[in-house]
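Before any questions on how it binds or moves, here is one chain, the form predicted alone, in structure tokens.
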């Protein structure tokens, strides 16, 4: 897997707004993510973090603004949406694995359908990625035979098998008990160290402080402040951010 050059700009979101009826879920959010950078989105529930993340891979189409990822553009005209989705991997709160398929088959499916790999090539790639997330001994296990943490690692391997330019994580540990959170965060930590460009929505603030290069604080659909973890966690300037971090740290 080829990581984006760290001097390249991987993601540019400009004036992104998303409405659901009268609700403005994301309100004129602009940010950039450099290649090999890890950016964390934090803030209270309902602040628009997950909706913004879904905009980044085209699951939600912005009502206003543009998103550029690895040379492809998403805008209100749906331009380059397939290229955006091909370049972006996403890991959700829920694992969304096919229960009738083994771990290997779950990971190999999209490379066969989307990347047009033959079965042997797809299985080779899937095996490589499952080993990468520490599940080389679970290739033939079905989801019901795996713990929640193992299922989430299969989901991460499934995204990696598509060789994305950018990985998005939407609260990937929120459905896990405390015992399993660490194993998923360890995989994410390894990905960050390998140079994968990542945008992460997470309440695991110790992990964010350790891994993220920059943190964006969102509330009420707006990006109110962003900077290094040290700056935001220890000395935020926005009053709403200061109130949030005082409560959660």
Partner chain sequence: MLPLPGGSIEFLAKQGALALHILKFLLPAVPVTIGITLASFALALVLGCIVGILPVFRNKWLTGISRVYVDTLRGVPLLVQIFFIYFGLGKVLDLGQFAAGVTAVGICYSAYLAEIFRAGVLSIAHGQHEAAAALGMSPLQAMRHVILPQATRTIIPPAANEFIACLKDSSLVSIIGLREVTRAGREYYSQFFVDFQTWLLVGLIYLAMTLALTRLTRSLERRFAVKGFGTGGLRH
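Computed from a predicted model, the values in this text were never measured in an experiment. Positions refer to the first chain, counted from 1.
Beyond what is shown, the protein has a form predicted together with its partner chain; the following relates to that form.
S.K.: Can you work out whether residue 142 and its partner chain are in contact in the model of the complex, taking contact to mean some heavy atom pair no more than 4.5 Å apart?
M.R.: So residue 142 counts as contacting its partner chain.
S.K.: Just to confirm, residue 54 within 4.5 Å of its partner chain in the model of the complex by heavy atoms?
M.R.: Contact with its partner chain, yes.
S.K.: Might residue 85 be said to contact its partner chain in the model of the complex, defining contact as any heavy atom within 4.5 Å?
M.R.: So residue 85 counts as contacting its partner chain.
S.K.: Wondering, does residue 96 line up within 4.5 Å of its partner chain in the model of the complex on heavy atoms?
M.R.: Yes, contact at 4.5 Å.
S.K.: For a quick test of understanding: in the model of the complex, does each of 59, 109 and 114 have a heavy atom within 4.5 Å of its partner chain?
M.R.: Yes, each of 59, 109 and 114 comes within 4.5 Å of its partner chain in the model of the complex.
S.K.: By the heavy atom within 4.5 Å rule, which residue out of 72, 176, 146, 90 makes contact with its partner chain in the model of the complex?
M.R.: Looking at the other structure, the residue within range turns out to be 90.
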